[in-house]
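So this one's two forms of a single chain, laid out as structure tokens and tagged structure 1 and structure 2.
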Structure 1
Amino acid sequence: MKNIIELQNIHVSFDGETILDHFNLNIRDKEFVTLLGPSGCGKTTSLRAIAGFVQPQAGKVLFEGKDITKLPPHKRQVNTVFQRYALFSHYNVFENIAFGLRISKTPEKEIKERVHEMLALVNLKGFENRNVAQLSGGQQQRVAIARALVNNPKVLLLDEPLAALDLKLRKGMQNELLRIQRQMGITFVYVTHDQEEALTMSDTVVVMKDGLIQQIGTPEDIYNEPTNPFVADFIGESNILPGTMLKDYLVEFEGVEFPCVDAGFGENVAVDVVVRPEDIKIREPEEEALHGVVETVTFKGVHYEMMVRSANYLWKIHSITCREPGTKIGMKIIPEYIHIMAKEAGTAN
């Protein structure tokens, strides 16, 4: 699959503070890419550089191999849906969607055809004469998406468009956005700080921190094979504790040796060990070499969250099986659920 967007050595700074420094990213045609990270990591700045709203001090933005770094936003084949939908309150739904077409002096017959096509795409048929102030948040967002798509962009940029919606509506709109992207067959570049949103919707996730890319991969790769402690901790929940790689496929942590599926770290090397809370199975203490005592239990609806103290670590366990505080348990962790990471420079053993 060819690249539709390439960010090459992008440097952006505001008031002397570097936001993006030698930032490189390739985005393939027709994929759903999510830029994920905490506030201030540079994800929105990356999006705005693609849109043309931010002019980098150095580097290039390529679109289908052509340098568009100096091209103004209205001449780029991209459109943006913002967190604040910026709809025109004095226009009805039809005129909000038609706005860009009217600016480009599209014939009236074609405007009607394309607006009604968009209304059908976002499931708002029959709403064309409704004032946008009378719409729900989810309906307003659909209008904003239709307005962005009616000009037939090759790339749709979405800057946290679901942040203002309640949880149930947000989950419904995640499915709607996926459907629209598949149906339109265009590239979506999506910005969010919501890990579940990124894992649910994306073909590719780009995890960012401090203006740098930490990891790029499929949702499965990002979740199951984090490359560093930041990714492991930011994507979902993790137990991250020090260990020693004794040799290939054998690691020691909490005084217990465990077979694992990782190799290539060397022998007797300090490493970080990652185990997801849902991957720890509760057993009777005599059945397992790794023991702990339950300190707290919280009911989360679909599972219990237990904090369990072993020799030197406080574990987080998610399980449908509950043990009362003060109970000693055994913890079973199979090799496939133990992930080994090289210890970062400056971290303690």
Structure 2
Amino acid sequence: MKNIIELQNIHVSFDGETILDHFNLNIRDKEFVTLLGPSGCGKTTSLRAIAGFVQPQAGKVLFEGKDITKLPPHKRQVNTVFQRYALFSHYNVFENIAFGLRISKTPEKEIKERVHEMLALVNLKGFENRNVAQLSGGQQQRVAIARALVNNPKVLLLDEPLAALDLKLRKGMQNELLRIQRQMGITFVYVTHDQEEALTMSDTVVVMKDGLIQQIGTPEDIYNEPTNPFVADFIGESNILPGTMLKDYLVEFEGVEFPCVDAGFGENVAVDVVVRPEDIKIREPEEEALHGVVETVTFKGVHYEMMVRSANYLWKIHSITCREPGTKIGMKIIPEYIHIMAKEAGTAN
């Protein structure tokens, strides 16, 4: 598949403060890409660079291979669903959605058809004459989406579109957004700080921190093979502990040698080891080489969360069975669940 958007070596700074640095991102046509990262890491800024509201000091923005870095927002074939909607309060629902069509001087009959099509798409039939201020948050969100989609953009940019909605509504809207993306067959670039949202919705996740891309990959890649402790920690919960790569496919941590699936780190190299809490199986102490003592148990609904102390590390374990605090247990970790990360320069622990 070809790239519809390419960000090449983008550099953005405000008042001398670097916001985005060496930002390289290729977005393929019809892909659902999510920019994920903590608040203030530059997600909105990257989206605004694509939309044209931010002029990068260096680097290029390509759209279908053409350089659009200098093109003003109103000439770009992308549309945005803004954080907190930014609807036109002086227009009703119909006129909000029709805005883009009126600008392009579309015939009245076609405007009517297109707006009603959009209203059906976002499940707002019969709302055309409503005042936008009278709509609920979820309904305003739908208007914002319909308004952005009416121009048939090739790319839709969505900046934390669901952040202001409550949990239940958010789940429903996630599914609807996916449905809309499939139905329209266009590219979505989605911004969120919610890792679960990113993992469930995306084809590709871009994890960001302090204006730098940490990792780009499928949700499975990001979850199972985080490239550094930040990603591992940000995406779900993790046990991250120091270890030594003895040789290819063999790692040592907490005084125990484990077979693993990673290679190419060299021999006797210090590394970080990542194990997800749900990937540790509880066994009898005599069955396993790695032992620990249960310190606390918390019921979390679907599973129990146990904190288990081994020689030098306090493990977090998720399990549907639980052991009393004080119990000595064995911990089984199969090779596929052991993720090895090279130690980052300057973060030795």
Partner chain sequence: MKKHLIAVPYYVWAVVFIAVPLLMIGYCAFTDASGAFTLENIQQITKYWPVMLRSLLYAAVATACCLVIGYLLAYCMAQQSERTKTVLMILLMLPMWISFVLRTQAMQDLLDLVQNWLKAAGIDLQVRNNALAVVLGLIYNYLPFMVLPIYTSLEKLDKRVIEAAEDLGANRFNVFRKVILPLTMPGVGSGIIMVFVPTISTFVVSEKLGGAKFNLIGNVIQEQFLQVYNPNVGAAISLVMLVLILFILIIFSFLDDETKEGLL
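Quick note, the numbers are simply positions in structure 1, starting from 1. These numbers come from a predicted model, not from an experiment. Here, rigid core means the biggest group of C-alpha atoms that superpose within 1.5 Å across both forms.
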item: Matching structure (the form predicted together with the partner chain), either 1 or 2; value: 2
item: Is_shifted His90 between structures 1 and 2 (CA, 2 Å cut-off, rigid core); value: yes
